[in-house]
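Starting off, we have a lone chain in the form predicted on its own, written out as structure tokens.
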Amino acid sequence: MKTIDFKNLTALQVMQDAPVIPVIVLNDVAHAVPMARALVAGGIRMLEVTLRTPQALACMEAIAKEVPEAVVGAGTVRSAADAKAAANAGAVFAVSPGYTSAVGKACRDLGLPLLPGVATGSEIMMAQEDGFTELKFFPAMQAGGSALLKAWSGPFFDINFCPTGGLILTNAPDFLSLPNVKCVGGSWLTPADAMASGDWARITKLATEASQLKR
């Protein structure tokens, strides 16, 4: 893997690093470091830790401190306060489920590359108006799947997408084959049962399969 320049990291670099960005929900800080090491061992280092649990920020901080080869990102960033808290915890990129100019400005001010969430043409235009051309398509399967991304490739020919929401190993290749898709996001790399039982070998196996997907 190429060395990452954290100070000059861009959203496009986040997308291009591996075919899949894992969407991670952590309920136990003790799981954060071994899970991150398991993912990195499988070739996945861009880690989106979602702000969906009270432990999320502590988990980001633990990974940032103890797994230097991992690149910690914050998911479910919905406000400027979320972005600031994530940056303080060691996150170096952000992912949001939707887009507002306030979130975009906060991430820009903090130097956090942002993948804003979009599900409609109007949302794409609002994000692009604020300077964002690398976007998260969410929820991908529910909002129109690969067919909608194909349709968007005409009017939004200069936009790169990371579809997330309902993606699994078997349908990811359909999205990754599209020229406007640089990577996909998925929670299948870190199953809740594997995390609970500490089955890090299984997570490394899932990460290895994901890292070998063709784009």
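Predicted, not measured: the structure shown is a model, and the values here were computed from it. Residue numbers here begin at 1 and follow the sequence given.
Absent from the display: the form predicted together with ligand 3PG. The rest refers to it.
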Contact stretch among 99-107, 136-144, 114-122, 82-90 - heavy atom within 4.5 Å of ligand 3PG in the predicted bound form: 136-144
Interface residue in the predicted bound form among 167, 56, 32, 46, criterion: non-hydrogen atom within 4.5 angstroms of ligand 3PG: 167
4.5 Å heavy atom contact, residue 52 and ligand 3PG in the predicted bound form: yes
Contact of residue 23 with ligand 3PG in the predicted bound form (heavy atom, 4.5 Å): yes
Partner contact for residue 180 in the predicted bound form: ligand 3PG, 4.5 angstroms, heavy atom: no
Contact of residue 187 with ligand 3PG in the predicted bound form (heavy atom, 4.5 Å): yes
